[in-house]
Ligand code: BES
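Below you will find one chain, with nothing else, as structure tokens; this is the form predicted on its own, and questions on how it binds or moves follow later.
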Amino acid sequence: MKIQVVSTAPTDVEADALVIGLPAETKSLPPRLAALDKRTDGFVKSVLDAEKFAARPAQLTHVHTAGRLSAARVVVVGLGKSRELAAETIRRAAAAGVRRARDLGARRVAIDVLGDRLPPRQRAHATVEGAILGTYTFDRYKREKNDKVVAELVVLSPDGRSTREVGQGARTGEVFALATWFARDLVNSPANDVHPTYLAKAATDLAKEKGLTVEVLDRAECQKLGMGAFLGVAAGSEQPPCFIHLTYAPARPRKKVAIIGKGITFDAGGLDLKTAEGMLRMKDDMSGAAAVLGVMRALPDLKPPVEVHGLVAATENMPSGSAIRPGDVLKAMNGTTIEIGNTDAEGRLTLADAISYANAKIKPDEMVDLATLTGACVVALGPLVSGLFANNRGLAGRLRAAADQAGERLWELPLVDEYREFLKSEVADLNNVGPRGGGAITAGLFLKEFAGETPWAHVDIAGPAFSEKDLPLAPKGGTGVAVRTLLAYLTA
């Protein structure tokens, strides 16, 4: 999708469809919509009145202009009450409006910068971000492609004075959204294609395209580093494991951050095999890795003054004669020994070595891991909310603020120190599982053991990483959750 910012009035822009917003509870049409109504001899208002259009958030109607305007159609999208307008309202309205224009066959779509209470740059960011996120499709494996595609999005600045700010906002909105698209594509692709070697190649190609530094460690190199937990998980798969380290390094960084993504490209559960139903969607168990790669893709375009290291310990978790067994003991890179209570609690084992690697080799000021880690977090928070655990109040607060800015739901759960006793082992330093109750918390406590004194946060994205139904900003499938939250955090 080509993005263009212009200061052309809505009455004069040439497009297959024009998307414009309408706040609720207005006694008369806003000036820009009133001008459209005047040029169509009152037709726009008559349609709104006939449909009793209430301008609820993301409510839609459209009008054929019959040659009275340079735009062939006008799509009106509700913005709700002005006093309640937020960036997320704008995102969803833009997504709904541009999606309607696309479904009507429009290839060149003009969209007014929606809303009026927020600064122009913020509104433009949300408008473009929503427009792109809302029109995502995944048809890579289909012979018949959907020919209804928005090829060009023309963003209308409210006035000439705001055009520069609108251009900046539109640019960052595009970068955030395309990074999310990148992550969605990885999650939606099948595990027979997206295996550890594929992720390593994607990272290598990304580094070459975006000017990042990349290092990919193979099994032997991981063995030399003592990554026994990661390699234990990888032992049951014929696919070779890959440890990926991407680096974005600006000239004068103000801090150093490691972001770590769980990269289980398919999770069968190991010898503690999942049920057929539980295994069906396990191509999405690398959603954390996909998010990290999406973030790293965006950083060279956004240029934040932060050195960022993206880490992924990529492997499958499969059952075989060489797979780890319940009762086995593994040694992590930091020397901690771990008794395997359940082979299906594998993500925390790979993250343990990735966190240990970050502490030993990178020595970051802060680190954040993203993982589809526990069903317990889904039970606690449902399918739309990620769980946050942190050993540092400042970092937790920055991540919550970033999630609010991105419109992604993030709820902090406690790391209850007394629950650490549930991870005790009679033969090793730790067991990799605790009791069923509080499972998301004990998983967080397990990872906390490897973070040490480094400010660390764990984001459990098991619920929102993959949606079983269409959402306002994403169709059914991989959502790319946490990409925009991390970008907001890193660029704050």
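All residue numbers refer to positions in the sequence shown, first residue = 1. Treat the numbers as computed from the prediction; the structure is a model and nothing was measured.
The discussion below concerns the form predicted in complex with this ligand, not included here.
Per the 4.5 Å heavy atom criterion, this ligand in the model of the complex is contacted by stretch 367-375, the sole one of 296-304, 413-421, 367-375, 223-231.
The contact residue chosen from R219, K274, K148, R409 relative to this ligand in the model of the complex is K274, the criterion being a non-hydrogen atom within 4.5 angstroms. Between the options V47, A451, V433, A58, the residue in contact with this ligand in the model of the complex by a heavy atom within 4.5 angstroms is V433. A residue is said to contact a partner when one of its heavy atoms sits within 4.5 Å of a partner heavy atom; R348 meets this definition for this ligand in the model of the complex. Although the partner is absent here, D267 lies within 4.5 Å of this ligand in the model of the complex, judged by heavy atoms. At the 4.5 Å threshold, heavy atoms of D344 reach this ligand in the model of the complex. In the model of the complex, this ligand sits within 4.5 Å of a heavy atom of A462.
For the stretch 265-286, the set of residues having any non-hydrogen atom within 4.5 angstroms of this ligand in the model of the complex comprises D267, K274, R281, M282, D285, in sequence order.
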